[in-house]
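Before any questions on binding or motion, here is one chain by itself as structure tokens, the form predicted on its own.
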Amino acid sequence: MKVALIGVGQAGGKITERLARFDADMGFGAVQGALAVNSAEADLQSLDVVDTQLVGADRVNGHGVGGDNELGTEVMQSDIQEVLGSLDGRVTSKSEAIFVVAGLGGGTGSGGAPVLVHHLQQVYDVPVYALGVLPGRNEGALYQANAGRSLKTLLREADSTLLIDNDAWHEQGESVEGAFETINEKIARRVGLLFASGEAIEGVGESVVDSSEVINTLRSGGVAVLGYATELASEDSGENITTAMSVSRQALLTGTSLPDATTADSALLVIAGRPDAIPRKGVERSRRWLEDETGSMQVRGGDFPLDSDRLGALVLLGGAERSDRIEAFMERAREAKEAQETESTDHADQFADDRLENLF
């Protein structure tokens, strides 16, 4: 699947950089162009693989918007023509989709990504998807409120929004910085494999997935979810039937980017590994199991030939917004917004006393 990537904000830029690097290192050739857009100049300077574009220089002087997603919306809106101009040569005639990547809790990413998606929809006739990262439960009320507003807007503007919950792929005991590194690496590997799943790397599979199947799975709109799991493969494909079933179950039940999201309008199952190790019966049984588990009659399946000693399952769900995890997050975001509004009262009121005169 040939894609153009645009990272917005600090997290969006870092993930886009990881994705572009992973695609290049693996030799997939799926990422046709990549751009990072931010209002904080220092964050852009830390990137060395993707091209960069500073926005809002006249408003925030390259220092970022400080978590203010309304300001993030304004600076993206005011500089949108410069951003669209920077995409010349990066969104090419080969591009089959555009992904706008952002952390939904920050200021530039949560405010700017929906604006960019909206304008891209007016300019290009390929699907425009969002890849959004939800803040973890412990990341503070501002991030929860930002992400709630951003997600609500993205779901309206994007053709589909692939969600990654920071809590889903967080290793226990890691530092905050280490956790973000781990999550970004997992996103790059999983999403990078999804992009490349139509590309035959070693040999030709019997039923190779192509980009149209990814696009058709995402056609449901709303929230998309990605799951992944791998196990060591046997030399004999017949012995890998159980392995194929096992990794498919793990990918959906314990390995998704949005835990507990198992009900969907559509789904795609990709079994990756050496062509001679991929069991046809195992792929078909796994696809039927996924059909039952998701309650969807639109479940596509196929191979991804990959030179590896492991067998992997990649599960993509489309139209998966009817999940308890989404409901819980939106409730958390609403509570955070209400708390913000309560705190935004005039702090001078608590010192109001008729016996004291104002200085001026």
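Each residue number is its position in the shown sequence, starting from 1. All figures in this text were calculated on a predicted structure; none of them were measured in a lab.
What comes next is about the form predicted together with a small molecule, which is not displayed.
Asks: If contact means any heavy atom within 4.5 Å, which of 137 to 145, 279 to 287, 217 to 225, 231 to 239 contacts the small molecule in the model of the complex?
Replies: After filtering at 4.5 Å, what remains is 137 to 145.
Asks: I have R190, A313 and V315 flagged as a candidate spot, so tell me whether each of them has a non-hydrogen atom within 4.5 Å of the small molecule in the model of the complex.
Replies: Verified in the model of the complex; spot residues all out of contact, no.
Asks: The small molecule isn't shown here, but in the model of the complex which of S266, N184, S197, T73 has a heavy atom within 4.5 Å of it?
Replies: Contact residue from the list: N184.
Asks: So which of T161, T153, N166, T262 reaches within 4.5 angstroms of the small molecule in the model of the complex, heavy atom to heavy atom?
Replies: For this set of options, the contacting one is N166.
Asks: Can you tell me if L19 lies within 4.5 angstroms of the small molecule in the model of the complex, counting non-hydrogen atoms only?
Replies: No - in the model of the complex, heavy atoms of L19 and the small molecule never come within 4.5 Å of each other.
Asks: Going by a heavy atom distance of 4.5 Å, is G273 a contact of the small molecule in the model of the complex?
Replies: Taking the distances in the model of the complex, the answer for G273 is no, it never comes within 4.5 Å of the small molecule.
Asks: Answer yes if any heavy atom of P114 is within 4.5 Å of a heavy atom of the small molecule in the model of the complex; otherwise answer no.
Replies: Taking the distances in the model of the complex, the answer for P114 is no, it never comes within 4.5 Å of the small molecule.
Asks: G62 near the small molecule in the model of the complex, any heavy atom under 4.5 Å?
Replies: No.
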